[in-house]
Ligand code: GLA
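As structure tokens, one chain now follows by itself in the form predicted on its own.
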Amino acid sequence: MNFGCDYYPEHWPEERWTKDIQMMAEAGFNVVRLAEFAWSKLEPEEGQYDFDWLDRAIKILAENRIRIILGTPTATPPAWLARQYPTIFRVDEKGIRSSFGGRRGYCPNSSIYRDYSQRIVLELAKHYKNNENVIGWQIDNEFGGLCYCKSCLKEFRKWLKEKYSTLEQLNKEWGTIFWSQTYTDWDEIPLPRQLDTAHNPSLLLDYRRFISDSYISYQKLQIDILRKSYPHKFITHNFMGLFNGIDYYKLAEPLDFVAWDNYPNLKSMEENKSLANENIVKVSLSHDLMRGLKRQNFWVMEEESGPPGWEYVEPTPPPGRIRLWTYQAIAHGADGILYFRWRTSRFGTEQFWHGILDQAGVTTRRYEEIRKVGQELQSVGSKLIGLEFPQEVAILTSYDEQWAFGIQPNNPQFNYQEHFASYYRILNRWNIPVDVVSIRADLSKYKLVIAPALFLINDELVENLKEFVKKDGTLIITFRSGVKNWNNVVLEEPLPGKLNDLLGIEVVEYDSLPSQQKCKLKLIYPEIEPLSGECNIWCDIIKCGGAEVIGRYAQSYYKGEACVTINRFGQGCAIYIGTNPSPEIKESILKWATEKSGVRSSFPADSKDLEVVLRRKEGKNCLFFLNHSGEDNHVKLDSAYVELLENRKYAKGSIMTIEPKGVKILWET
């Protein structure tokens, strides 16, 4: 298991480094990340490189058997570069250019910035080419940010030419005849900066795709240099969980594995129990999304280890919480955990973004808690490598869908990520493992697939879904699906468009509900427990072709009309949920769908506070029990197990207690 921290030796006197690194070794650390914000230290003047200080830090780390991940320092350009070329910074929607003093403020399409980025990465690659202590690279830091500068305008038009070839095709695909927006020259196409009204939705969607591709291209610029010098060393980037400013599936493709930065919202956890449960689910969902980007395990490159804060200080993780977060990450597929940061900075913006040690640099309670984790991982870590996930349930997502809904949410209450999470939340509470995968993923191994709000649709996606259902798959699709083509233009077919055949329905009308309005409904399908409930946000009025009715509205002018349906297609079935039902209705539908498709819970412990994650290795089950509550949780075991952290045996039928914020890892005997 890779276990360590993010370390900034340049922030501290060199005579302190040895003590810091010895304390890291005592905590069980075997890896650190260095230098991702150190450009001005590595290149203090243009073309004048100084790696001696970094060499010395790496040498001390290596002497303590701690390996190094080097970050390319391009997230923070040096002052001399900013002074010489102020146009490297992004321009916002109002036309105002950012300036020096922050981080990640550069434009990914600036040719000047790309050139200087290549130079520093190339020098780092040459210098550390033969250094065996450097095991891998992190590209930049947390990519993201929109830009509306002249460089982006030039590159956007070039990007559009490559996509559409001719203006005639672009005008046709975007529907520019509307509001007299027809283009007769490529130079007429604007960036979608602020207007009094609103831009063409197709223009807006292509702009978001272009910006995403710009960061992917900028990342590739650096990867190509490092691959040439380091063909056998890994390259990653630190993603940001549910952030949707970039198509993370595409960003992940050229990387060896995904890493991400996990900062749970502890404030919500401490203020409100229901918000705490929401946040637990959000963290689990983020882990599963990161694992799904490449359908392989990931690292947490920055794990919260103290109270965050820039201007304000957030709550301190109480005893046990950091350990719990660590094992939650490992349970969901993390092969590496690095805590941010080793020691809290005395200066700069992040003076109050605390690390393992405070500014005083002495042992803290948090350090002792992390050292305990280090001792545990030295004992059991090898058993946790190579654990596999059951592949039974997948939830599909797409950044194109998220961007399209960001442009036109359809209803002020609708939030794509919340809608998506509402289905994940139920499965997570039932301890059913979920893969969060791309709409382009191979679905053949899954039993149940949930595809929330497929607003944009294309033939490739439709065929993928049809093939899955034909071969005995159970599919759930929700409202506002099949509305538009891939260029954000509404389809001519009756809703849900190209999905009509698969779903066996036609949406003849719909109603977008005001914020306080709800509509009653009831489930009537013989195989599902009859249940009454409510729905909000959206109501599709459905006419069934070959589909059967699962639920009907119980009020409004569409009282008695179908709102939930099921269609037999090939050997499987496709369920359509044409509204946003209350949680108990969603649970009833999901309960039936999981039972019908043969999906089982990892462990039957229906508690919002107790998370159970199932992994497998060599035919044996490995169960992670994570108690997120402040009270003991008791479970009756269904088999004989060995608890790895305590090396304690449990017989079948035993009652196991998981203490508050506690962790148990059971290995089936």
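What you see is a predicted model; the values in this text were computed from it and never measured. We number the residues from 1 along the sequence you see.
The discussion below concerns the form predicted together with ligand GLA, not included here.
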item: Contact segment among 161 to 169, 256 to 264, 358 to 366, 200 to 208, judged by heavy atoms lying within 4.5 Å of ligand GLA in the predicted complex; value: 256 to 264
item: Contact residue in the predicted complex, chosen from 587, 247, 392, 302 - any heavy atom within 4.5 Å of ligand GLA; value: 302
item: Single option in 155, 350, 288, 561 placed near ligand GLA in the predicted complex, where near means a heavy atom within 4.5 Å; value: 350
item: Distance check, residue 468 to ligand GLA in the predicted complex, heavy atom within 4.5 Å; value: no
item: Residue 340 within 4.5 Å of ligand GLA in the predicted complex, heavy atoms; value: yes
item: Contact label in the predicted complex: residue 85 to ligand GLA, heavy atom within 4.5 Å; value: no
item: Contact test in the predicted complex: residue 72 vs ligand GLA, heavy atoms, 4.5 Å; value: no
item: Full three-residue contact with ligand GLA in the predicted complex, heavy atom 4.5 Å, for 401, 416 and 488; value: no
item: Any residue of 212 to 245 that, in the predicted complex, places a heavy atom within 4.5 Å of ligand GLA; value: 238
